[in-house]
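In the form predicted alone, a lone chain appears below as structure tokens.
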């Protein structure tokens, strides 16, 4: 079953456009099979990420088109909403409650029976590394602890789909690494997880499956390397750090696929219109010349480069 399916979905607020004609599907969770995973929703602030998240969560109704979750409208179908866990970007919470009390209340609101809600809340907090702090009041929590508590409220009722809107905003590096590890573990366990962020390295740390959204429209989707291949009409950069970069220049200077060569004392950067051919010739030059290579890679095989290409941002 498809977890999320949007067909020509648009949402506007008066004269302000949230998203425009979004058509997109993502794999769902098939009973008995672990088919979940993490998908990154990537875009700058104001791109339409939160609007799309709220449509998926059933908090908004499309102005035009349709968006379904597990085959039904999340806005109209209560049972579908109970299969969704959602963490909004904002920080509002009942600060006077303990973490356990807060997550228990949210589990009850999501449909968990009263007899099981407290145990489910404790298990969710434990999964988020909050066991030692579950009896403390939320008002005294650090940013990282608050984010982990929010994640616990999203998973306590056992949803099949998790919608996490900017879950790493403002947390320190240690807490960020711990939260990333826990989100990835949930995806590996079979949950379908949509994580939105405008921070490239956060999405890159979570998944290579991305949806790029800009000005309310989906520009690209899929594996970051597949997307990169779609835009290979742009020169592809390859950077080599070695003991004799001029030897590489001499070996490849006449190659017709190269559009630019940059060199300094320790490295050479090649811009090529045919990456596969360039890598083959580069390997031959290194072996024939007996060069000592310290590093070899492409500055373009990352989310930053992909996003810049797709949105037309100058490098």
Partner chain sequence: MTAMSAMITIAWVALVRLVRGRALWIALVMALLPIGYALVVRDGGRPDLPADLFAVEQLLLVVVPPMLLAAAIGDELEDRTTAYLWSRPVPRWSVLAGKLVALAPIAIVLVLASWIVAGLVGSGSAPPLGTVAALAAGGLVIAIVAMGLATLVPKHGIALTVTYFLFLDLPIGALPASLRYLSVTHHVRTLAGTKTAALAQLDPQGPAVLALALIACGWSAIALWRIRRIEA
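Keep in mind the model is a prediction, meaning the values are calculated, not measured. Numbering follows the first chain given and starts at 1.
Missing here is the form predicted together with its partner chain; even so, the following discussion is about that form.
Taking non-hydrogen atoms only, residue 94 approaches its partner chain to within 4.5 angstroms in the predicted bound form. Contact annotation: residue 101 falls within 4.5 Å of its partner chain in the predicted bound form, judged by heavy atom distances. A residue is said to contact a partner when one of its heavy atoms sits within 4.5 Å of a partner heavy atom; residue 199 fails this definition for its partner chain in the predicted bound form, lying far away.
Its partner chain in the predicted bound form comes within 4.5 Å of no heavy atom belonging to residue 275. Heavy atoms within 4.5 Å of its partner chain in the predicted bound form are found in exactly one of 38-46, 254-262, 58-66, 275-283, that being 58-66. Residue 137 is the only one of 244, 237, 137, 214 with a heavy atom lying within 4.5 Å of its partner chain in the predicted bound form. Checked against its partner chain in the predicted bound form, the candidates 110, 171, 220, 183 yield a single residue with a heavy atom inside 4.5 Å, and that residue is 110.
Contacts between stretch 60-88 and its partner chain, counted in the predicted bound form as any heavy atom lying within 4.5 Å, involve 60, 61, 75, 78, 81, 82, 86, 88, listed in sequence order.
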